[in-house]
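Alright, here's a single protein chain in two forms, structure 1 and structure 2, each given by itself as structure tokens.
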Structure 1
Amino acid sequence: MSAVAAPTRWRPPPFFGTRTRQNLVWALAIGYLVWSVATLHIDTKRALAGFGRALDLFARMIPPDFMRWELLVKGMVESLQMAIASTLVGVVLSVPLGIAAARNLSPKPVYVAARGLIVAGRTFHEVIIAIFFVKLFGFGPVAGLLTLAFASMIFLGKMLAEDIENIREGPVEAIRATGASFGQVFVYGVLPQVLSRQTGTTIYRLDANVRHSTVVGIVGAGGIGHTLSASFSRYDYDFAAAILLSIAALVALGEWFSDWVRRRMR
């Protein structure tokens, strides 16, 4: 019997088991993409005309108008206040939520209720939550603050719960064996294992809230986003360009601060 020649070129195994099955999945994906684009009823002439309007829009944005800097500064300061205050409130509220959502610390009914709240809170985008709070509390930074605080509580609570579930059980059991209360077990057995990671997560959330505070304002939840929306409504494009540049500078400042804190923590 003749020996079977060994392959001279290595090929990765198909992701879906066999190459035929993989080709079938690719064909279905391409077919679905074609069907989706066809059913969107995209008007090609209208889409191409948008490029001409974009050139006119950008031309009217140059040069940016910083003459109304008082209004600009007021909106930027309001966005920063919303971001910082909502992060602090979210951190405080996320601690009981994270403990309740940790399977290894909470009774099952409490765990299920907390996880249900987290899932429900993560279902909606910040803009949708902001619209809800604007309807309840009216236009202004109160709605933006509550929106970002709620979103921060959900995000930080989820991250804290997952960190608690991944801790080493040895120190916790040792502290429990001494007859310590639940609070003492958390402070001395759980908190030292999750504090460093949660600090980094909080900094990340603060950076995200700086960006989100400029978005929720578009639906009337205060901050510089509200000023931007008003300027576009008045076709005041040169002032809108100044606002956009200021938002970019604010986000860059938040990114720099986040990187600086992370370097200090190492």
Structure 2
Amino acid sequence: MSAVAAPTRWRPPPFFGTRTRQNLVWALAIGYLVWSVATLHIDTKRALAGFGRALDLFARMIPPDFMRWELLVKGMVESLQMAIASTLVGVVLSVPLGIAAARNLSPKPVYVAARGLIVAGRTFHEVIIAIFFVKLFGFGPVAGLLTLAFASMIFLGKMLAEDIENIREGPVEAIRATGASFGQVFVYGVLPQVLSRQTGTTIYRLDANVRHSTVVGIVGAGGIGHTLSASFSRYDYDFAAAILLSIAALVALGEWFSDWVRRRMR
């Protein structure tokens, strides 16, 4: 054993390379925290009062009021219908979009336009898109349906385009070599390679649409969301509790269904 006295101090090596950089990151993080909290205009008094209000609110939520179940069921059914219809419309629309946005199938200008649409469409939250459809089509489930259909088209189109870009070229070439048309090449060479994944993605999107269908109503685009925000603004908390529970149940059910189908498909 070497006679050199072993050091008695040891610090783990810094996560961000050097000690200085490590300290800088910490300083930035703390600085950010101070800056953000200081500029947020949080009404401390009102916030502290919130703890008391929270208790009061929960007291008024219990028991949840299911007496107006007809209103509740109507809203829930409408949400579900919006989710299903929009998924179907979205799937249909996503096929041309997906093909257009696949680099290996589309001419450059079409590809660029389709990708641009996808980027812009993905950026905006469903609720923002919903406002515009409400302006165009008036209040009600049609606006919600179109919102979710649009969002689904973008989402599914993007996934489809990425799948198409990742397919193996060999079979496509082989089908093309038989003298098949563009449509035939797509059906025989491309579709079999992307169909099962795309079906899975669609089921996943149905689940996402169920979630979103419960909120677009907040801006008037139909479904249970409208009923919920109305009950909140009327301080009708026991009914709101009933709606919240129903939404949570529907969403959990949707997630379970989506998982179940996708597991079975494998």
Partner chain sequence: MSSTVATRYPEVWRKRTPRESAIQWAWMVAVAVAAVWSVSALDIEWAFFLDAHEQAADLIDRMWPPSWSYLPVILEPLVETIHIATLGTAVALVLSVPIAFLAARNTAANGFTWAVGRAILVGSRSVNTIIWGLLFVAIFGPGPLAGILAVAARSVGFLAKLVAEAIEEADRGPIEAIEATGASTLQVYLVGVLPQVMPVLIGTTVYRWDINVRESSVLGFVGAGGIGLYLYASINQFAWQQVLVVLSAILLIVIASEAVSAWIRGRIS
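These numbers come from a predicted model, not from an experiment. Residue positions are counted from 1 along structure 1's sequence.
In this comparison, the chain shown as structure 2 is the form predicted in complex with its partner chain. A rotation of 16 degrees carries the smaller rigid part relative to the larger between structure 1 and structure 2, according to C-alpha superpositions.
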